[in-house]
Each structure stands twice: as C-alpha cells, then as structure tokens.
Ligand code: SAH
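Quick setup: one chain, the form predicted on its own, written in structure tokens, and binding and motion questions come after.
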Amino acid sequence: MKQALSGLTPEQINKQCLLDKKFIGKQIFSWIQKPVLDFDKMTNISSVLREKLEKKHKILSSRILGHQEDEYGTQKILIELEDKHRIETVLLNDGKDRQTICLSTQAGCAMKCRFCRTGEMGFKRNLTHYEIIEQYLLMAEKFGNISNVVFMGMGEPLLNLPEVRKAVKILHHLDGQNISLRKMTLSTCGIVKGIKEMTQEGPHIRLALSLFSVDQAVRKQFMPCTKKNPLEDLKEALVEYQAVMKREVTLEITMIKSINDSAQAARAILSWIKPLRVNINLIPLNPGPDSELKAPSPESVNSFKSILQGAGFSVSQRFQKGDSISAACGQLASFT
C-alpha cells in the first residue's frame, strides 16, 4: 500500500522517499502544503522524480464524497477515509476574508453529550494526524487560504492528543502553512487529564471548554464525561493551564430552553468563574431532527448575556451559520 505524504515533515519525506538531497523534501512538503495535491504539478522537481513519487507514494489517503454550502458561505464536506469510515469537516467564512476550519479528530465520539449529534454515532476510532491534516488540505485546495484552525469537529480532541499534537506541528511549520499557535484552538468537553497533559506537553494553543452548566448534577445529566471529570477538578486544571500559558480560556455554553438558560444559571456561572480569566461564547442549541430538546428564546439568551456582560466579561453569541446544512455546532454526524 502506498504511503501518504500529507502528514510528513520535510525530514520525514526525505527518509520515506529515499531522497539524497535534503532540499527536495522541503520542496515536496511546501508543494503539498500550498496545497498542490498532484505530483505532476510540482514543477521545480524533475520529471523523473515525479514519476517515481507517483509510482511509490501518494499525497492523500482520504477523499471528498460530498459537499454542501449554505447562504452564509459555510462549507461542509463529507470525507471518506482509507478504511471507509466517514467524517465531516466545516469551513466558516466571517465575511471579512477570514476563513476558519473546524477539524474533526475522531470518527464518531464516545462522549455522548446529549446536545451533540456526533455522540449518537458512537466511537469508531481516532484519526491519524495525517487524516486531520488532509481535512485542511482538501478544504484549502477547494476554497483558498484558511487562516484559523479550531479542533471542534467530530470527536474529543483531548482523547487523541498525540495525533492532534503532530497535526499542530505540521500546520505551524514554517515551510508550510505557518499558522500561528494563537490562531489555533482546541475545544474539549472537559477531560481533566488531557488539559493537564496539554498544559505540560503541548500543543500550546488556545483552549475552549464546553461548560454547559456549573451545576454538577445538571452537567452530569447532559455531559456524561462529568462523572470522571468533576467541576472542581476541571477548574483546578484550567487554573493550572492559565498559570502556565498566560491566556484566557473560552467558555462555550450550549443553551437549552428551561435547562440552563435562566438568570440563576448565569449568576452561578459568574460565581464559578473566579479566579479564571475567560471570554464566554453562548451557543443556542442547534437541535437534531428528532431531538426533544429546544433552543432558548432570543429574550432568555439576551438576558443571560446581559448578566454576564454586566459583571465585566466579554460575551459573544454564536449564530447559526451552517444550520441549514447540518454544519452548525453539535450537528456533525455521518451514519452511513
């Protein structure tokens, strides 16, 4: 079976392809990361070597099976992996020529958060770092420059941290995308061990936490991971992260009608936050097709937001881009 080169550094390409001149590995790496995903188009490499590469190697291991676009320019692609598992990847456009890619790190997810359709798939397997990278390359080839990366797609990134770490290394590489670590964010449902490992060993990128509620019983009901990752331990890990990284943490709060959208819930969050430095992202529920859960009213979201802003916190609201193509937060799933 041919080895995909998508997730290799220039040094690894040299070794894998048995190249005798180091600069050629750098050239191939730079072409792939442009992305140019056809050996024949790598014009500064000899035709003899291009033919050899084509025979013995391949650039990608995965392929696009489907594509959808909504009225806001949100793009979603369905990707088939080499073993026929399928994942979804989303590209968001903010209308200011900035594109952000939402990368999946697992096929399926074991976390089973009640407000997320990916959990309904069950856990299939972790993605390799080159499968993570290939999502970026496929989107960039199709839609142009991508400046920001969020590991917020299908799966729990902290349960696949070694491969995420390798993917960050490639995306940050000076001879490739050279994306700043400050423009990459990892979103977690709250794996305490993973946050501590990330703090100590990297990747040293931004951190976002799906908080949902600071009521332990409510959070446990909707986010089963809470049982092994209680709020007290989670907060301790976040304090440690901030002490080392000197960065704010983003708290993501998926809001569900009559569950966690009250003024009381907002004030409880204010009490729990201390002494963390945070910005807060409110995400009104994007219900699945058969969900019994409902999105909160605009009035309750505004009231919730006002309470948090009144305490001096930066609060944003994530609008439902991608909702019409099931590409919004919590809607990614591939059941085929």
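In case it trips you up, residue 1 is the first one in the sequence shown, and so on. Bear in mind the structure is a predicted one, so any value in this text is a computation, not a measurement.
Not on display, but discussed next: the form predicted together with this ligand.
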item: Candidate spot G7, D40 and L137, all three touching this ligand in the predicted complex (heavy atom, 4.5 Å); value: no
item: Of S30, N286, Q68, S300, the one that lies within 4.5 Å of this ligand in the predicted complex (heavy atoms); value: N286
item: Stretch from 137 to 145, 156 to 164, 173 to 181, 229 to 237 whose residues place a heavy atom within 4.5 Å of this ligand in the predicted complex; value: 156 to 164
item: This ligand contact at I77 in the predicted complex, heavy atom, 4.5 Å; value: no
item: Exercise: Y130 in contact with this ligand in the predicted complex, heavy atom 4.5 Å; value: no
item: 4.5 Å heavy atom contact, D215 and this ligand in the predicted complex; value: no
item: S187, heavy atom within 4.5 angstroms of this ligand in the predicted complex; value: yes
item: Contacts with this ligand in the predicted complex, stretch 110 to 135 (heavy atom within 4.5 Å); value: F115, C116
